[in-house]
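A single chain, nothing else alongside it, follows as structure tokens in the form predicted alone.
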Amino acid sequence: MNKSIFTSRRYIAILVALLIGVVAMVVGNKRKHYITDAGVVWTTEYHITYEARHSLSDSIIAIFNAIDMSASPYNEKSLVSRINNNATSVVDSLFAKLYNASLYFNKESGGAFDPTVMPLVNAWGFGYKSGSLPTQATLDSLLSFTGINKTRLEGDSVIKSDNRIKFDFSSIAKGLACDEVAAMLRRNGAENYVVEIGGEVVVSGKNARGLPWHVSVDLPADNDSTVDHSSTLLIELNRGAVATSGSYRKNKTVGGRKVSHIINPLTGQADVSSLLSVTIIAADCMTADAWATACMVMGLDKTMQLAQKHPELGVMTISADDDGNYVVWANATFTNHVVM
């Protein structure tokens, strides 16, 4: 009798201990912690840190693959490649989002932002084709079918006035990718995260130490053969996006002339100007990405005018004076985020 009671109590105790262990495991699995994913996409590094209950790596990769298959001009099987080759005119939701955003930024920038600049980029040797120093006649010919205003979206089809028009959304695709990953993280309950792809960044909430996220802005380096991340300042954000565009990042000598990968879609020229970099703080990364690119084409004066017209944007420029010294300008919206 006593042995039976002892055995019964021991059995119950074991069951209780096992139950406590299982509950602890379940609670532990549901507890949020910071997870970091890193890798390479579109020949650039990405770093994503987020607070979640489990890894969302598969969902991140799925977003990258979807954008690649829709918008990468370097993927022969992508939708944009097939549209560029006139194999189809039917667009998907990602292409439509990039197209409609490009229409807005093109209008607001006076044509400085334009995703149909690809033939000019190739002519200067910065695209997927090697180029030499193009003649003015060549540029004029390419400019005749450059301009998103020569296209339109009708329903789910894009209509081109000239079959030679080609789209390249590279200047905002990384920004869109950051936004799409951020949206996925929020859908999965992640309120604290930083998404960085090739220098384009979107953040929300706080880091693992409970502090706002810090984003470093690089000092321009006149050296395209090495990667120089000499930080010039830190930006503090708990929500928003940051993007930087610079002529110093990709420039080279073509036909004895130093040129930039920033091509002016209005003139077809690729000259390196005194404006070395533009950093934009915006609500979303696609907006920051687009304006950073457009401002490099617009130049310093028009960029300062943009900051007045759109005070919701944080704008910082780094230019060079006649003696080669760095000259930094920023509006109040930007300086409010600078870590002193």
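Bear in mind that the values here come from a model prediction, so they are computed numbers and not experimental data. In case it trips you up, residue 1 is the first one in the sequence shown, and so on.
What comes next is about the form predicted in complex with ligand ADP, which is not displayed.
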Touches ligand ADP in the model of the complex: D168 (any heavy atom, 4.5 Å): yes
Is there a heavy atom of E200 no more than 4.5 Å from a heavy atom of ligand ADP in the model of the complex? yes
Any non-hydrogen atom of P119 within 4.5 angstroms of ligand ADP in the model of the complex: no
Does the 4.5 Å heavy atom contact test between T279 and ligand ADP in the model of the complex come out positive? no
Since exactly one of I263, L98, A241, V195 fits, which has a heavy atom within 4.5 Å of ligand ADP in the model of the complex? I263
Heavy atom within 4.5 Å of ligand ADP in the model of the complex - residue from T303, S70, T293, T287: T293
Among the candidate stretches 109-117, 184-192, 88-96, 211-219, which one is within 4.5 Å of ligand ADP in the model of the complex when only heavy atoms are counted? 109-117
Report whether all of K174, S245 and V297 sit within 4.5 Å of ligand ADP in the model of the complex, measuring from non-hydrogen atoms. yes
